[in-house]
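This document starts with one chain, in the form predicted on its own, laid out as structure tokens.
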Amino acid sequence: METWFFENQTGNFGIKIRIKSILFHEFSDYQEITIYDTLEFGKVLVLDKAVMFSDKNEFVYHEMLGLVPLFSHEKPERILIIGGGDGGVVRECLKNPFVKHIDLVEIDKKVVEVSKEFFPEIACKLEDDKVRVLAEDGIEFIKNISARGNEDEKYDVILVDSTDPVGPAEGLFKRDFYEAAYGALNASGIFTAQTESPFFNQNLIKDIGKIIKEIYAKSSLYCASIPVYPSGLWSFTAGSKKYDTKVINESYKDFDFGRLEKELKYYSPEIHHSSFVLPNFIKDIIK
């Protein structure tokens, strides 16, 4: 007998994935966590019945959220990641030669625990000496950093690796959070967040793009192809106080990207630039 997982993505559209077994299922204090072993995508992490990533293509999302903003920054030494308890973005950020410290703030410590157990190749850097994992509310964490105004606490790059804008992640898509993030960045900081599907979440992308443009000196949107996400096309919105995220910073002119070829499956200098080349319908969204 065949068994399938079905994700109802929009109310009128969804995807289904044939599964071999359920490896883990539990309700944490914040959400329902399920890990499926599937025939097409390998192990899949599902939170509140929505696919977060799969073994087969997790690298796309993690590389593009982590590496595009970091390689746009001249010297990203201090990084803050909100969400992302699986550790995938941490793993990618550590590939940047300037990174000295990463704070990962994940509200649900159970996500960290199950990722270490079932996705060790993704969570492999969570124990790194440069990484501090905090089981806290990322919204309050950022607001406190911003309110204190201590320059030593501020970050070069803030990345938001969130679930969809419902439940505990809903506040990560609001203006007061984006303003607090601005205050938690240093004078040349870059903020980047995943901002859903250009096909199914046009109003959200438009609203966030407008807010980021009003707050930051420079704003941009870039895309990547991720098969298990709604429509397969995904967006990321960046705000920068100084640097142009569309280009790799000149500080990497002598950096050997070829050294990372075996580690990188999606990101490259060419992909960095081309991901900002948008089709006309997305340009219309963010006008």
Ligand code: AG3
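Small disclaimer: the values here were computed from a predicted structure and weren't measured. One-based numbering along the sequence shown.
Separately, the form predicted together with the ligand exists; it is not shown, and the next lines address it.
- The closest non-hydrogen atom of residue 50 lies within 4.5 Å of the ligand in the model of the complex.
- Although the partner is absent here, residue 92 sits far enough away that none of its heavy atoms falls within 4.5 Å of the ligand in the model of the complex.
- Contact between residue 194 and the ligand in the model of the complex is found at the 4.5 Å heavy atom cutoff.
- With a 4.5 Å cutoff on heavy atoms, residue 161 counts as touching the ligand in the model of the complex.
- None of 57-65, 30-38, 214-222, 257-265 except one has non-hydrogen atoms within 4.5 angstroms of the ligand in the model of the complex; the exception is 57-65.
- Contacts with the ligand in the model of the complex, taken as any heavy atom within 4.5 Å, map within 85-112 to 86 alone.
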